[in-house]
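Form predicted on its own, single chain, as structure tokens, below.
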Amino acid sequence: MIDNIIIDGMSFALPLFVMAIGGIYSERSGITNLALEGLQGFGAFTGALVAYCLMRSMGAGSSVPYWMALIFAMIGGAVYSLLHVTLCIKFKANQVISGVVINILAVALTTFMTKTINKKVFGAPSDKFDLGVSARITIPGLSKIPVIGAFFKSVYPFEFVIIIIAIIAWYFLYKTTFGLRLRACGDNPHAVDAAGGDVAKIRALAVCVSGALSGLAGICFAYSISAKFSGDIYMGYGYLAIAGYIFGNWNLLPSLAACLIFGFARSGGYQLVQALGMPSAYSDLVMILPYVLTLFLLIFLSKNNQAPKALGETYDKSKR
């Protein structure tokens, strides 16, 4: 039971974490990003469409569609995030409203496009793209260690990708000049401008990073939770990622801890339902556990959190 909790918890927590990293990049630059839900959905749609087309031509046994899905999900999420960039940076729209609109638009747009493409191109009246079950990897030796070995057992390939991306993201955010300027844009954008930095470009790039990482998270959820892309991908995971990095005070490692808590709460609830032999309806009820836990964590543990000082503020160079 413990092994299953760890295996399933990690497969949920890591995509949530990589989406939270994207949110951190965006908000540490000063752009409020409530659009993570829509970005992950549109990215997942793009990756799933590419994978579905490749599977029909190359066969389900090829691994190429899987890896292409991850790549194109990131591209799709980054491209869709340009809408948030345009609204918030170019037209100086309200960042909260922009995020909400992007989420609503993503649901309607991807659902319509999925149905239309299936009907017009593939001749199938379906509202989903079937992706199949992703292969899993077990690391010999390490997987035999009691309890800890579960972290190396039945691992999705995307989990390794996310760990590598997280390390790279940490390095760029905290150990490079670009990361220093990005964090300064969220606290004192006028100082960045005075030092010769382009605030608009830095913020735009940060939002695109959030789009790419959210898209990656979306296709990971599609492969691990449902084995397909459909409207079910919009399950509030984007908002859960937002709660994760708020709980983590906009820092990577505490946000990882929050995402792990959410992941283990979800998988632990499912395992408890199965162990007690409860009706399947209770499994659906378990899905609210991460959100209930989020509510209590934010109420009691985030009182002293400090958001970036310029978060949500439209930068006006003339006011420097």
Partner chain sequence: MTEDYIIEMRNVTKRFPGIVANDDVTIKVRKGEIYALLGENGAGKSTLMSMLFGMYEPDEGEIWVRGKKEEIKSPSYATRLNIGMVHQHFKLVSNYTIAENIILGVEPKKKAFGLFPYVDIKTANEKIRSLSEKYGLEVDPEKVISDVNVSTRQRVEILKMLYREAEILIFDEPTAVLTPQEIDSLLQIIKNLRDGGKTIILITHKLEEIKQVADRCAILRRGKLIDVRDVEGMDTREMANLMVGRQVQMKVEKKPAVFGKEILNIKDLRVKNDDDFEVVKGVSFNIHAGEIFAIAGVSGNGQTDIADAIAGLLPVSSGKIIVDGTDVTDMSVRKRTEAGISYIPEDRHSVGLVLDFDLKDNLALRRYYKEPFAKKGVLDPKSFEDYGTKLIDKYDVRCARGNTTIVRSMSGGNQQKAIIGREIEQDAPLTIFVQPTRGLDIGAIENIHRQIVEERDKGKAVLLISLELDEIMALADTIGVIYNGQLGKIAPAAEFTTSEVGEYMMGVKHHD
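This one's a predicted model, so the numbers in the text were calculated from it and none came from an experiment. Positions refer to the first chain, counted from 1.
Beyond what is shown, the protein has a form predicted together with its partner chain; the following relates to that form.
Is it the case that K201, even though its partner is missing from this view, gets within 4.5 Å of its partner chain in the model of the complex, heavy atoms only?
No.
For A184, is any heavy atom within 4.5 Å of its partner chain in the model of the complex, or not?
Yes, A184 lies within 4.5 Å of its partner chain in the model of the complex.
Does any part of V192 reach within 4.5 Å of its partner chain in the model of the complex? Heavy atoms only, please.
V192: yes, in contact with its partner chain in the model of the complex.
Answer with yes or no whether N188 is in contact with its partner chain in the model of the complex, where contact means some heavy atom within 4.5 Å.
Although its partner chain is absent here, N188 would touch it in the model of the complex, with heavy atoms inside 4.5 Å.
Looking at 235-243, 104-112, 193-201, 139-147, which one sits within 4.5 Å of its partner chain in the model of the complex if you count heavy atoms only?
In the other structure, the partner sits against 193-201.
Interface residue in the model of the complex among G132, G231, P157, G179, criterion: non-hydrogen atom within 4.5 angstroms of its partner chain:
The residue from G132, G231, P157, G179 that makes the contact is G179.
Residues in 8-33 close to its partner chain in the model of the complex, defined by a heavy atom within 4.5 Å, in order:
Counting only heavy atoms within 4.5 Å of its partner chain in the model of the complex, the single contacting residue of 8-33 is R28.
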